[in-house]
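Below sits a lone chain in structure tokens, taken as the form predicted alone.
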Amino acid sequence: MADFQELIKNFNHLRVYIRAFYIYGYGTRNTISQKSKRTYDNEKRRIASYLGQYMKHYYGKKGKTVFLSIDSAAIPQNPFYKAYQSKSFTDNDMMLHFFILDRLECKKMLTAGQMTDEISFAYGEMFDVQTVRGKLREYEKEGILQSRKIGKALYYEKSKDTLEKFFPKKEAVEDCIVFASESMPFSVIGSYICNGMHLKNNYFLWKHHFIAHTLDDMELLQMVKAIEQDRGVELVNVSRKTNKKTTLKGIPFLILVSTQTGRRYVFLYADKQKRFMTLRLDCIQNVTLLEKAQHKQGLQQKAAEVLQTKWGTSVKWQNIPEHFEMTIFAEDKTEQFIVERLKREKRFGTVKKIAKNTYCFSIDTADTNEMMNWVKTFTGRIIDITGKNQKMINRFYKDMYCMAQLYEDG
């Protein structure tokens, strides 16, 4: 246990293991091969210290498999928020935190040199003035402190931005804050506010609660900053199949969110590949903001054209739309709910009645394959499908034939 520490320096390490245990559920010492087996043991203990009540295991052919079992529809608060409270710190960090805030409570405003002297006189602890100045600057960046220049001296004081200032009538916004802490992007911020205001979720539960995606909020924040400031980014993309890491530079344009899985993607233009692509945020690491992308405006029109024909997240090398048509049967008098569903879910496609009890859905999309799972939900009503991507259409008919054979054999 001497080598094990509950706190971490690199949040990406924790992301990898939590995702392996929760989403994929394959947490054996042999299958998670990013690091050594000792690292696996340490990470498992660390996650157990945050999420022990949800950690389960079973013994199979590959040995002991550890996984996280969480009913996301039955929990009042996302348990993965605890991972954000795990950053490591030194003894000096801990002492300076309380020393600085206590001295500013008494003296209101101090320079770095004055703060160093105050700490020495009040607590008998000697710190280098550069160490104190560094901590003051860090807290200013975090919004805990604010600085003011008086003459040639730079003074620090506690920030005026407090929870009491923003929420003078706490009772009037309690439900709103609690709801936001579980439902909005960057909802971990809402959880910190709830902790500061001693609020608990006593009212809301979500049928579809995508709790794991909060682990990607740091990457999301960098992408949103880049989009807002028209800047490029450099990132590391990790392949889900091979675990291969690839460094990419590009210009992000949009964040896409799946309504079915809650999974988030960034739609960007890759400079080296000279094309648009979508990357999963949960596969991205180490996002770094670059300089302002001067050529972003020239790509806006092309980006809009690519997005216009996207059914899902797929972007092909050549953005050539594929025409697709599906003819279905629906009783005109008793099955209009089928037609209404088709109209509701058609996205940028069209729906026309072509004969009695017969309707045709048509669309020009970038990738027919993306919509085939949706097409199959109309199995039993499909009269015919045609389109440019004959390979996908042949696969559909082959799947239908195989399914029919299974039923006949049964």
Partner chain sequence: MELFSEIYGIYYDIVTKILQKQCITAYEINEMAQKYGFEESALQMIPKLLDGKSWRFLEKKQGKYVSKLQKSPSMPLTTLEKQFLKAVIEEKRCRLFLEEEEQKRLKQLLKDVPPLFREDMFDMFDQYQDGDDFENKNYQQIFRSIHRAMRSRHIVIIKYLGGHRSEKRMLHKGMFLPLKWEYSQKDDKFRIYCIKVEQSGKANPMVLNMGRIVWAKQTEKIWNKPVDMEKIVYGRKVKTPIVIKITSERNAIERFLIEFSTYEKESEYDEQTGVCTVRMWYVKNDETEVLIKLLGFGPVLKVMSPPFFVKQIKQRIDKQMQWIAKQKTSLYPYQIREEKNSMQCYDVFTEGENKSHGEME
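Predicted, not measured: the structure shown is a model, and the values here were computed from it. Numbering follows the first chain given and starts at 1. Each form is matched to the other, and the largest set of C-alpha atoms that superpose within 1.5 Å is called the rigid core.
Note that the form predicted together with the partner chain isn't included here; everything after this is about it.
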(request) Considering only heavy atoms, tell me if residue 117 and the partner chain come within 4.5 Å of each other in the predicted complex. (result) no
(message) I'd like to check something about residue 130: if you look in the predicted complex, is any of its heavy atoms closer than or equal to 4.5 Å to a heavy atom of the partner chain?
(response) no
(message) Please tell me whether any heavy atom belonging to residue 19 falls inside 4.5 Å of a heavy atom of the partner chain, as the geometry stands in the predicted complex.
(response) yes
(message) Is residue 269 near the partner chain? Define near as a heavy atom within 4.5 Å, in the predicted complex.
(response) no
(message) On the criterion of a non-hydrogen atom at 4.5 angstroms or closer, are 274, 294 and 364 all touching the partner chain in the predicted complex?
(response) no
(request) Find the only residue in 325, 234, 305, 125 having a heavy atom within 4.5 Å of the partner chain in the predicted complex. (result) 125
(request) Sort through 153, 109, 248, 173 and report the residue having a heavy atom within 4.5 Å of the partner chain in the predicted complex. (result) 173
(request) Can you check 297-305, 284-292, 178-186, 109-117 and let me know which stretch has heavy atoms within 4.5 Å of the partner chain in the predicted complex? (result) 178-186
(request) Check each residue of 369-385 against the partner chain in the predicted complex and list those with a heavy atom within 4.5 Å, in sequence order. (result) 373, 376, 377, 378, 379, 380, 381, 382, 383, 384
(message) Core superposed first: is there a CA shift of 2 Å or greater at residue 45 between the shown form and the other one?
(response) no
(request) Kindly check if the Cα atom of residue 337 is displaced 2 angstroms or more between the shown form and the other one relative to the superposed rigid core. (result) yes
